[in-house]
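Next up: a single chain in structure tokens, the form predicted alone.
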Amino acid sequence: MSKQIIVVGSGNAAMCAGIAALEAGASVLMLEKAGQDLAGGNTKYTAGAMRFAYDNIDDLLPLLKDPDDPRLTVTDFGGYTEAKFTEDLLGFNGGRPLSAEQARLVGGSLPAMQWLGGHGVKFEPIYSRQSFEREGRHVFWGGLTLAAENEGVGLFDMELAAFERLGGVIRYNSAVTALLTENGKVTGVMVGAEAISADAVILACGGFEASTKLRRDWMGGHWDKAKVRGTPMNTGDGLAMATDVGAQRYGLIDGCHATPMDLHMPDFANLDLPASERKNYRKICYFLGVMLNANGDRFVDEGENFRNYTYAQFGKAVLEQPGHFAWQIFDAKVEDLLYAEYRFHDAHFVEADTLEALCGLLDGVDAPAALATLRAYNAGVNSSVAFDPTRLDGKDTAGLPLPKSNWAQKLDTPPFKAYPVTGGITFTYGGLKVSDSGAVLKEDDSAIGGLFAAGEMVGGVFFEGYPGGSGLTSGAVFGRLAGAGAALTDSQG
């Protein structure tokens, strides 16, 4: 008789867990807290980009929806080695060594992508956000090349189709409220008053970013003021249920992915919009201009690195500013380089023909100080280096208390535009400790029989930031491990 597996949640990690368990011969019931329209966790709110190690285009072609796209012949994808992926993760560890979880992510990234490709999940090169044209060729930068067809919505749809094709069953409006245990082993779940038995339970129901109380209690600082970029369903339920049965809390509990977002977005992503548009509240082209706080000061090096290495940290930086907001300033030279979210119908901005007039329109900002900052910035720009958005171009500033290290162009071409932003939290980094097979561990590092976890619930993967696109890949890698582990377990972990 096949193992009976329950997967809690229905996002990317949950789907990968379910697919892997079905592959291994188990029967899988997926229980989703939300209705069908909001199923998919944070996955639907993403751009669908996935970071993984690869050698060259030969590793990418089998994953593509259209391997005959004529643009491929004039595209430089480069390579992204495991060593580079490791280096990038270490850059956000705050001096910590590579964790066991990070090593699993790096080593499992390409196999997970190939595995998804084998289940009909197809990808497209991210030409619009991860490449620039140079001398007639599309040059990719930052090690991030592919996103799921139709972004996060498409990833969910393709994974759900694969899950159901293999015989998986999903129930919506079925919030799991407790874990059933017997002799220290997890034997099922409660959905309200309904008890459902299982040989193993996989928790893949997200972090706690949608709970204002838990953000305040567990993260402190200004996190109760953050906008929530994704689903309102990730309120820490799985973490609470797991710790109730002895699970070890693990990782950086006050760490999170936080992105600059439109200041005037709703407290949660706009659920009235199609899911494919909810990402458009992001504002992550700051590297093409400057950001000012209420005092009229710059507060980050906007050109420190490629934006997919900084955006998950700069949301926190914005939130820490007076009033928890900032303004992103651009001139007309970069208008055609700004991402589509800056032209989104609900994007808020002000516009003027002079910097002086623009500063007067920046609500909540010391206008004279802002103008002085912008004039000093213009005076400090290194005009001897050519602007090149395809690489770290070294076009920097001199003589400023806070430099801009790359892509520093004078703000001298009207009209000038400014976009108000705040910090938007995407997902939390703290979670549970799991074994190599995805089993949830106790404080003594022994496994809780019958309990597994994946996705945002796994701690130790990210610490003080992360290279963009790693989150979905982590969900796939750890979801696949948990699904296979649960299907093969003897309920001893």
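The structure presented is a predicted model; accordingly, all values stated were derived computationally and were not measured. Each residue number is its position in the shown sequence, starting from 1.
The same protein has a further form, the form predicted in complex with a small molecule, not shown here; the description that follows concerns it.
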- prompt: So which of Lys404, Arg307, Arg229, Arg298 reaches within 4.5 angstroms of the small molecule in the predicted bound form, heavy atom to heavy atom?
  reply: Arg229
task: Report whether all of Leu31, Val176 and Cys205 sit within 4.5 Å of the small molecule in the predicted bound form, measuring from non-hydrogen atoms.
output: yes
The small molecule contact at Ala13 in the predicted bound form, heavy atom, 4.5 Å: yes
message: So in the predicted bound form, is the small molecule close enough to Thr145 to count as touching (4.5 Å, heavy atoms)?
response: no
message: I'd like to know whether Gly471 contacts the small molecule in the predicted bound form, with contact meaning heavy atoms within 4.5 angstroms.
response: yes
- request: Classify Gly9 as contacting or not contacting the small molecule in the predicted bound form by the rule of any non-hydrogen atom within 4.5 angstroms, answering yes or no.
  value: yes
query: in the predicted bound form, which of the stretches 230-238, 87-95, 134-142, 342-350 has residues with heavy atoms within 4.5 Å of the small molecule?
result: 230-238
